[in-house]
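What follows is a single chain, given as structure tokens, in the form predicted alone.
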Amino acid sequence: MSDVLTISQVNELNYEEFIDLFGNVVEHCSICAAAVWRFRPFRDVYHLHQEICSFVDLLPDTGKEGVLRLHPDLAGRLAELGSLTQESSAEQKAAGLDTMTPEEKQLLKDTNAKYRDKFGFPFVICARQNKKEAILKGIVERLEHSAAEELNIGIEEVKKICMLRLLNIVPDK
């Protein structure tokens, strides 16, 4: 079976195959895929995305914070060690985070630490929809937000990441 499927093929997957394929559309959070498998048949990739988003939206704030905590720091230690998931690595590269100057890396490292200290979870942004300049600007600006604002923004960014990851597996016709 290829890694690109039609929605009909997705609907035929057994539980284990579904988790193997969709378990990282929300970073390190296969419970999202596990929770929506029972809603097959999906009409299309957008229906699948809607079900995942509904599951995430129904989580209590502590659960949403947990989803955010599963994400790596952008251009952080895991990136330096080459230990990111395949998806995160490609997304960070697409944003140009692999071409940062030493000064930009230090700024991101420092602001990542401030952000994590303030909110208790890492800064999450859809890297594929941003370039390194927008990411560096965004983290500085978002440090001014309240915890509730950042929880909501972070979850909305997770949904964007999820949609793009889903489209990699089930392209829209």
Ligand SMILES: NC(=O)N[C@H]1NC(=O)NC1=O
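Just so you know, these numbers come straight off a predicted model, no measurement behind them. Residue numbers run from 1 along the displayed sequence.
Another form, the form predicted together with the ligand, is not on view; read the next lines as being about it.
Problem - the ligand: the contacting residue among C126, L136, V45, C53 in the predicted bound form [heavy atom, 4.5 Å] - result: Result of the distance check: C126.
Practice task
Give a yes or no for G96: in the predicted bound form, does one of its heavy atoms lie within 4.5 Å of a heavy atom belonging to the ligand?
Solution key: No.
Practice task
Please check if V25 has a heavy atom lying within 4.5 Å of any heavy atom of the ligand in the predicted bound form.
Solution key: Judged by the heavy-atom cut-off of 4.5 Å, V25 is well away from the ligand in the predicted bound form.
Exercise for the section: With heavy atoms only and a cut-off of 4.5 Å, decide whether R165 touches the ligand in the predicted bound form. Expected result: Judged by the heavy-atom cut-off of 4.5 Å, R165 is in contact with the ligand in the predicted bound form.
Handout entry: 4.5 angstroms heavy atom contact with the ligand in the predicted bound form for I161
Key = Looking in the predicted bound form, residue contacts with the ligand include I161, since a heavy atom lies within 4.5 Å.
Exercise for the section: Tell me, please, which stretch of 30-38, 143-151, 64-72, 102-110 lies within 4.5 angstroms of the ligand in the predicted bound form when heavy atoms are compared? Expected result: In the other structure, the partner sits against 64-72.
Exercise for the section: Scan 73-103 and write down, in order along the chain, each residue with a heavy atom lying within 4.5 Å of the ligand in the predicted bound form. Expected result: D73, L74, S88, E91, Q92, in sequence order.
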